[in-house]
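Presented below, as structure tokens, is a lone chain in the form predicted on its own.
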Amino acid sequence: MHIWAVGGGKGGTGKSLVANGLGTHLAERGFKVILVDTDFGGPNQHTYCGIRKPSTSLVQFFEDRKPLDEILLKTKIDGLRLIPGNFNSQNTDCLTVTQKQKLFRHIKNLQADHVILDLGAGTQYDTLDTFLLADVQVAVVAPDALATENFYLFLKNLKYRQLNSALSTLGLRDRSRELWKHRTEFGIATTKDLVAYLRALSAEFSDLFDREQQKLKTHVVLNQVREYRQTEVGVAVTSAVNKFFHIPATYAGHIRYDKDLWQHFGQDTPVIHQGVSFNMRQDLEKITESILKAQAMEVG
């Protein structure tokens, strides 16, 4: 089973669209697919699936203690099932450590070929940790300055989250804070210097941090492309991720903008399956195949 996560930081870039498109195409290829809406503050994956009022959601998982496999909903696409996000719950801001661990454990035990996690916007720990849970990480960006800036912030916070995780595991957080507080005394100017100092201080930290970093490999998707020249943004962003963030990244492709997409929401038919233009559907299929090919090459 493969766990996919679709994130990217800024809201409105089309993460839910991409997650639904990936799930739809994988199901149409004959895979058993489960979509999980982990946007706890503003879930909308049920709308993409053409389900107006879901009969279950993660509320039953968190508050009624039902297993994830008991709140699965069938969609109108064969092979594609949905776990809707939180509805009418007070638990929308953040999860406790216990809740998050339980959710992740249940996700890993789902019976499917592919599980796709639709992440919310922002860089909260819940969002970052869910992205890092996946073995197929898809990051969505739009071709504008604000979206790109938020995309880089998302990646930066992922790196910091990995660092903090390693420090916490080994009980080095207080030590690292003292080092940073008195960094001039230790010749530390940047976070990179701090990591180098900690590596020299602890071989165990060095090994653990390396293992954490190996978990981060990103497929970049450029959405909302209105002009062909904007596709260059996707290539440039992918190059920057590799060069400046030292995160292995591949460019999965772009999705052309569909000005009529909004008209198809709130209906009883899946948006991707019936509503979108041929161009958008074709782009989503190409992206899915590109990611599958990249994953196969990595395994091979």
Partner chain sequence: MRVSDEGHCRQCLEVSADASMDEITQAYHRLKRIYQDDLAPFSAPSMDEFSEEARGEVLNQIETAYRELCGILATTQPQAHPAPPPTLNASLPVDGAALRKIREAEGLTLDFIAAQTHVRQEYLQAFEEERFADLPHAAVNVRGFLSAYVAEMGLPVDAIVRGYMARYQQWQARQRK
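Residue numbers count along the first chain shown, from 1. Predicted model, so just to flag it, every value in this text is computed and none were measured.
A second form of this protein, the form predicted in complex with the partner chain, is not displayed here; the remarks below concern that form.
Novice: With the partner chain left out of view, choose which of Asp113, Glu204, Glu149, Asp210 has a non-hydrogen atom within 4.5 angstroms of it in the predicted complex.
Specialist: Spelling it out, the residue with a heavy atom inside the cut-off is Glu149.
Novice: The partner chain isn't shown here, but in the predicted complex, which of 55-63, 40-48, 26-34, 235-243 has heavy atoms within 4.5 Å of it?
Specialist: Among the candidates, contact is made by 235-243.
Novice: Are any of the heavy atoms in Glu227 no more than 4.5 Å from a heavy atom of the partner chain in the predicted complex?
Specialist: Yes - in the predicted complex, heavy atoms of Glu227 and the partner chain come within 4.5 Å of each other.
Novice: Looking in the predicted complex, any heavy atom of Ala196 within 4.5 Å of the partner chain?
Specialist: No, no contact at 4.5 Å.
Novice: Is there any non-hydrogen atom of His182 lying within 4.5 Å of the partner chain in the predicted complex?
Specialist: No, no contact at 4.5 Å.
Novice: Is there a non-hydrogen atom of Lys215 within 4.5 angstroms of a non-hydrogen atom of the partner chain in the predicted complex?
Specialist: Although the partner chain is absent here, Lys215 would stay clear of it in the predicted complex, with no heavy atoms inside 4.5 Å.
Novice: Under the 4.5 Å heavy atom criterion, name the residues of 196-225 that approach the partner chain in the predicted complex, in sequence order.
Specialist: Read in sequence order, no residue approaches the partner chain (within 4.5 Å, in the predicted complex).
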